[in-house]
Structures are given as structure tokens and as C-alpha cells.
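Presented as C-alpha cells, the chain that follows is alone, the form predicted alone.
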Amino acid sequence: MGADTKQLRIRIKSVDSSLHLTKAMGLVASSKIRRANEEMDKSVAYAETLDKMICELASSPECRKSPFIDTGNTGDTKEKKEPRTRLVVIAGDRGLAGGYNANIFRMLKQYPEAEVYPIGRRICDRVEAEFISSESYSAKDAYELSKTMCDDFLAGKFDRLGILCTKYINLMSQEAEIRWILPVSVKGDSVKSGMVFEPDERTVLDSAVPEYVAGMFVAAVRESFACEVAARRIAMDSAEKNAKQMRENLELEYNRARQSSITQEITEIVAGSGK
């Protein structure tokens, strides 16, 4: 019986250590949520402005001749080849964030032939690439990657470019998704907003696309990081509740074992004194 109580004490101490860890990580995540959401809102607003401008440019007949534009015309080819795909995959730098990273990896399996450009330690380790932090990813990093992607696209090294990231729905819900950004899709005739482009739409479009792609990268990274922080906060809250419940159960079991041991000792003493 003494061995049982000793093992229970060790388990209770272990659960206490886990409880302190989950509580600390939950507090860290809570402290980052506000700033992460502010950065996400700013970058998403900027990306939406860029998207509006690109859509306005894409509505121009002259711009539809640009190699960056996908008008949806596939020509008279009878056989459609599978497009060569590049994916910029954004995952977290750390784990313990619920299903945040697992959802990204699960969706990535749907594109086994895709060429992957990783952002975040978890995906970098998975594809054995040089580490690029998702938390400290800068606009300069995004523009350098965008320039490379646009140059490779024009050189015909791939057919489409997508961002595999996580969409922020609310604090309790996030979901993995792919945002296709190259080539720029044209859906019908958009309504003219009255913007005037100098020297002409085609020139502005070709120079704006790298900025547009970089803006999409930054927005996706900021939104994904906000999702990671929110997912970690929820996961740590859940882990803390589970640890507290486990500790209560172990303490109850320990008290029962201790009481049983004391009762047995008293019984042995009384039995011995009666002889």
C-alpha cells in the first residue's frame, strides 16, 4: 500500500508540473492575441486594397494580354495537363496549438506533386528546408519571395501559385485553406471605379503584381499567426482543465489509499493488543 501512495504522489507532482506549463503557455498566448489581431487586421485591409486595384486593372482589355492574367481560355487543346503547382505553406514555429499545424499538413497531402516553399519551423522541419520564422516574417522577406515567384512564373517554371494558410474565423474557430494568387483570375467584366492609371494599365499591372503577391504573403502569414496564437490559447485552456481534473482524481485516489493504509495499521495494532 505504501508503494501505491508513493506512485500516486509522483503522478500528482508530474501533473502539477504540466499544469504550471500549460498555464504559463496560455498566459503567453493571451498576451500575444491582441497584437496578433491588430497586425492581421492591418495586413488584411492592405491586401484587400491591392486586390481591388488588381481586379480593376484586370478588367482592362489591354491587361488581359498580360502573362499574369488568367482569362479562363484554355484554347483548343483536347487534353488538359495537370498544372505545375507551387505552394507557399505557412505553419507555426511551435506546437501545442491543437490541430493548427495538423490541419495544414493534412491539406498539403492533397497536393503531393506540388513544389513547397515553407514558412514556419514546423513545415520547414517537415520538408527539411532552411528555417523561416512565421512569427517574425517581415514585409521585406515577403517582397523578396514575391519577386522570385513572379520571375519564375514568367519564366514558365510553374503554372499556378497558391498560399496554404489558415483562415481566422473567430477566437474559437480557424480552418486551413488555399488561396490561389497566380495567375490572377478574371471573372467576367468588373465595374469600372473611375481610377486612372499612368502611363497605362498594362505597365501598372506588370509592376504592381509583385507588390500584390507580397501583400498576399504578408496578409496570409499575419492571419495564420493570429490563428496559431488563438488555437494555442484554446488548447492550453483545455489542457489546464484536463490537468486540474486529473489532479483532483489522483488526490482523491491518494487520500483513499492513505486512509486504507491507516485503517489497516489500526486494525493490526488492535488485533495485536488483544493477544
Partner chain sequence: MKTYKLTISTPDGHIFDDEVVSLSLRGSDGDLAVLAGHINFATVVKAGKCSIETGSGEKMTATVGGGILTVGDEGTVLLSSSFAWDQDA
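Residue numbers count along the first chain shown, from 1. Small disclaimer: the values here were computed from a predicted structure and weren't measured.
The next section is about a form of this same protein that is not shown, the form predicted together with the partner chain.
Annotated contacts: Y46, M53 and P199 all touch the partner chain in the model of the complex [non-hydrogen atom within 4.5 angstroms].
Contact annotation: Y111 falls outside 4.5 Å of the partner chain in the model of the complex, judged by heavy atom distances.
Under a 4.5 angstroms non-hydrogen atom cutoff, the partner chain in the model of the complex lacks D237 among its neighbouring residues.
Interface membership of S136, defined by any non-hydrogen atom within 4.5 Å of the partner chain in the model of the complex, is ruled out. Contact check for A208: a heavy atom falls within 4.5 Å of the partner chain in the model of the complex.
None of S185, T148, S173, T203 but one reaches within 4.5 angstroms of the partner chain in the model of the complex through a heavy atom, and that residue is T203. Listed residues A231, C63, A36, V218 were compared with the partner chain in the model of the complex; V218 is the one with a heavy atom within 4.5 Å. Just one listed stretch, out of 120 to 128, 176 to 184, 136 to 144, 84 to 92, contacts the partner chain in the model of the complex at the 4.5 Å heavy atom level, and that stretch is 136 to 144. Heavy atoms closer than or equal to 4.5 Å to the partner chain in the model of the complex belong, across 4 to 33, to no residue whatsoever.
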